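In structure tokens, one chain follows: the form predicted alone.
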């Protein structure tokens, strides 16, 4: 029998349930807006709720930061989490792995697609400077990496992948309002299938609201969220290529 392991949010003391949340209300900042925000926090179930910060966003809108204590807990023993199977390697191990198991440089094409103009995530993975002290894929001697930048149409990304004979395609989606990332990510898969190359590439999506489970459901090989490092992505790509015998 699985042992129950319940946890609550942690603030100053274990199990105190302390949380911080922020939101915007469509009302001018002022006493009425403050009362509305506090009432909403109480309806959310927060105890001892207080408005820590209120500021006007624009005419008719105000932004709030609220503190409170959440009475709910989570049973870790009942959670099921889908993650990409990942055996991480470091910079040198990845290059040695490519040299030994693939025998040539691999080609990686990356972009922020659709209307997305936020390149911070894809830059962190691809650009030479990298992220968190790690080199980006452009620095790997056994990887050819091309960063197409922002607001790239899916058709242009597919065309570039064909031209570069891509082994892997990386897509970053930061703009997700109204779930716009879902149809955009789906369209890319459909285009790759229509081009007849979906099975020939490792397809990876990343972004704040991208989970591995969501990515797989949409037809991708893996999904990575915030904080992902270049070597995590590179480790997945090269192991996936070898497992599927791609690029030989």
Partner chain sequence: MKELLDRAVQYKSIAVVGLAKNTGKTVTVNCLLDGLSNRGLTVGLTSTGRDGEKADVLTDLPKPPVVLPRGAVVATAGGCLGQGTARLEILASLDISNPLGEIVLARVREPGTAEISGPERTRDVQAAIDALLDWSDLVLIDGALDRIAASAPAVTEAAILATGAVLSYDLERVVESTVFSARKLLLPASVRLTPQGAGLLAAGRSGVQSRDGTVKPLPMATLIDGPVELLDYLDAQWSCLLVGGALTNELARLLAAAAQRIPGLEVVVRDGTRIFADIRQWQELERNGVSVTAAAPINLLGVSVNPVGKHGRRIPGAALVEAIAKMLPGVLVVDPLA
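Positions refer to the first chain, counted from 1. Keep in mind it's a predicted model, so treat the numbers as computed, not measured.
What comes next is about the form predicted together with the partner chain, which is not displayed.
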> Has each of 193, 212 and 218 got a heavy atom lying within 4.5 angstroms of the partner chain in the predicted complex?
Replying inline: yes
>> Counting any heavy atom within 4.5 Å as contact, can you tell me which stretch out of 149-157, 101-109, 68-76, 88-96 lines the partner chain in the predicted complex?
In response: 149-157
> in the predicted complex, which of the listed residues (51, 33, 189, 46) lies with a heavy atom within 4.5 Å of the partner chain?
Replying inline: 189
>> Using a 4.5 angstroms cut-off on non-hydrogen atoms, would residue 182 count as touching the partner chain in the predicted complex?
In response: yes
> Counting only non-hydrogen atoms and a 4.5 angstroms cut-off, does residue 5 reach the partner chain in the predicted complex?
Replying inline: no
